[in-house]
Each structure stands twice: as C-alpha cells, then as structure tokens.
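Listed next as structure tokens is one chain, alone, in the form predicted alone.
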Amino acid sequence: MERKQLNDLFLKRFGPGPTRAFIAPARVNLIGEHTDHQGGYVLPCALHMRSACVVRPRDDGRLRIAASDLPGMVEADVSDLAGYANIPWGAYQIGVAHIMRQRGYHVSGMDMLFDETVPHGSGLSSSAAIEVATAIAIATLSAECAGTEIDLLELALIAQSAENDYVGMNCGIMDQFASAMGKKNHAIFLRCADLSYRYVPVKWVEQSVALMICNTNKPRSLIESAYNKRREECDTAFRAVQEKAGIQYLAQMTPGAFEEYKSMIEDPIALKRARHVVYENDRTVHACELLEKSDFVAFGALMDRSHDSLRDDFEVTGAELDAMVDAARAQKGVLGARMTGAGFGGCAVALVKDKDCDAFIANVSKIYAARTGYTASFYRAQVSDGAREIKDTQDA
C-alpha cells in the first residue's frame, strides 16, 4: 500500500489531521539458524517486505492501535500498559511502548495504523518488523518532544525485550537487529554474544543468481512452546560442558571442542541440539567468507548442510519444509536450499540461477502441492535498508 493510500485509510479510521509514517523491514536469514539465542553468528539481511506504521500524537494519553486489514482497534492508557500481553493483536506494539516508557522515553498518547506486507506465519519475522516500526515511531516523536536520542541498536534491544519479557517469546536478537540495522544490498554478519557486526555486500544480482523465498503457507502451530523447549535443551547442554570447556555460551565451542567434551552431555536430545548449534555456527563463519568472495556454489553447499542439521539434530523443519527443500534441490540451476526462521512451517530459501527461476517456481510448486496439499508462494528477495521514516512522496 502506498503512503497516500495509508494516509487516506488512517484519516478514515482516526479523523483529519497531519500524520507521520515509519517502516521497518522483515528479514531473511541466509544461514546461522538457532544460533542467535546461544551467542552465535548469524547472517541475515533486511527485506523489501515491511511493517508500516502511520502515527499521530494525541494529548489525552490514549494509545489507539489499528490494522489496515482488521476491524476495530485496541485502546490503552499510556500510564498503564502492563496488562495486554495476551490480547489477540496489539501486544507487540503495546509491549514496546511499555518498555520504552520504563526506559525514559516520552511515550505520548497516539493513534497508530499498521499495514503489513510480510506474510504472517512465514518465518520472515513479521513480529520484529511490527516491534521495530513501533519503536522507531515512538523514538522519533520522543526525540522531538523530549530530546531523547534515536539509537537503532537500542531500539532493536527494546523490541527484543518486548518479545521476551512482555509477550513471553524467548527469542534471540537477530530478527530485531536486522530489522533496525539493515542496509540495502548487504547482509549483516552479527555475533549475537556481544552484538559486534559488519556489513557484507550481497552481489548475487551481479552474478545472475537470485535468492528465492519459498513460503510453505503451512500454518505454524506450537511454535512458541517448541522454540522455548529447544532453548531449554540447549541450556542443558551448555551447563554440562560450561566449566570443562571454559565457555560463556554454547556457540563459543569450536567443532573440535565439541567432539572433545560431548560425552559430558548425558541427555541425548540436548547432545543433538548442541551439535547443531556448534556446527551451524562454524558453517556461518565460513559462509560469510564465501559471501564476501561471491562464491555462491560453495555457499549453497553450506545452505544444504544447514538444513540437514536443522532437520536431523535440531528437529525444527517438519514435513512441509522438508518437501519444499527436497523439491528445490532437485531443480536445475539450484545452488543450495534450506529452511529459514524458527521452523515448523514458514519459509525456505534457495539460491537459483536467474535463467532457471521461472522453471524453478513452476516445478517446485507442482511437486510441493502434490506432496503436501498446500499451495506455495514465491518471492525474489530484495535486500532493503532498516527502520526509517518515510515522507509523503515515498512509497511505503
């Protein structure tokens, strides 16, 4: 939806007056899955898909939140935002406002209209996009009203806290970091233990390669409980080896150290989870080196191994993601394919030679539907900038 359309819809919902608009992108993780919550390396990039927030301050302390595709609105008072974690929609936004108020931002009453182009349940982190769009809107208004600074890294941490501490989803920092800090045509090589990072140019267009996002369109069920359970299993493995291995977080182990100390992890499930984290972290380091060289053939091979580990050791793929990846790998021109995101449905990604993309979509669509009964959706990834305000003349 364009900026003017969003503004017209806002005025229809909330009445006349000037508005501001902010956007925050979704993200796709190229490799480094389920390592962020263990202090490891990840390699995400921000996408053209986004959450947009049109906002207008109010002077009565009321926070009113609406969505472009939902009826009605959620209302709260900014002086009392603590009790909305379990509402069907709006908890992420209210959680961000609550935490920002606690941290000294000037959170005024406001009307907010949200519009999403991120497919929900896709594993591309629509929740982080919503959280970061909320945070950049509030931070900008707070800076102008009370002189608080706008620090995109801090906003990413606030958004993560809203998900961890307010909503109760024990996610790592990757999604919010990529949404806040994304850079056009670059991936982010991020070490989640200390948030050190660097931007890595993504040159697949120059090499006539496309990153295809393949949405299974399978509703994700029990994702929150399964995600938190995997984290608990990783923590079990970490406690078993922490002292002997001399590590502060699980992903700090090298593959060699893991092989040396793995016998100390008595729980066989925790052992599998740890093996994935350690070897996936190592794959991500090597993948970044390959991305810098634009060696997409070798990069694709690491994508394949990543998916196999997520399937066999971390057990977060499921029948639909496996069917999608199997179908993708069988196609001409495919350099590698893997699931992306938390798993249990959502999206896979595949590196595909440009000249083979049309046949890839046609063939994978047919094979996937025959195996699962679901109709897949496909998107060619466009790597975007991170959270920002957009002006009236810009598209949202």
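Throughout, we count residues from 1 along the sequence that is shown. Computed from a predicted structure; not experimentally measured.
There is another form of the same protein, the form predicted together with alpha-D-galactopyranose (GLA); it is not shown, and what comes next is about it.
Worksheet item: Which one of these stretches, 328-336, 357-365, 64-72, 341-349, sits within 4.5 Å of alpha-D-galactopyranose (GLA) in the predicted bound form when only heavy atoms are counted?
Response: Stretch with heavy atoms near the partner: 341-349.
Discussion item. At 4.5 Å between heavy atoms, is Cys171 in contact with alpha-D-galactopyranose (GLA) in the predicted bound form?
Written reply: Yes, Cys171 lies within 4.5 Å of alpha-D-galactopyranose (GLA) in the predicted bound form.
Worksheet item: Is there any non-hydrogen atom of Trp89 lying within 4.5 Å of alpha-D-galactopyranose (GLA) in the predicted bound form?
Response: Flag for Trp89 set to no.
Worksheet item: Contact between Pro44 and alpha-D-galactopyranose (GLA) in the predicted bound form at 4.5 Å, heavy atoms?
Response: Looking in the predicted bound form, residue contacts with alpha-D-galactopyranose (GLA) do not include Pro44, since no heavy atom lies within 4.5 Å.
Item to complete: Classify Gly32 as contacting or not contacting alpha-D-galactopyranose (GLA) in the predicted bound form by the rule of any non-hydrogen atom within 4.5 angstroms, answering yes or no.
Response: Yes, Gly32 sits close enough to alpha-D-galactopyranose (GLA) in the predicted bound form that at least one of its heavy atoms falls within 4.5 Å.
Worksheet entry | Single option in Tyr199, Tyr249, Tyr261, Tyr227 placed near alpha-D-galactopyranose (GLA) in the predicted bound form, where near means a heavy atom within 4.5 Å | Partner contact (heavy atom, 4.5 Å) among the options: Tyr227.
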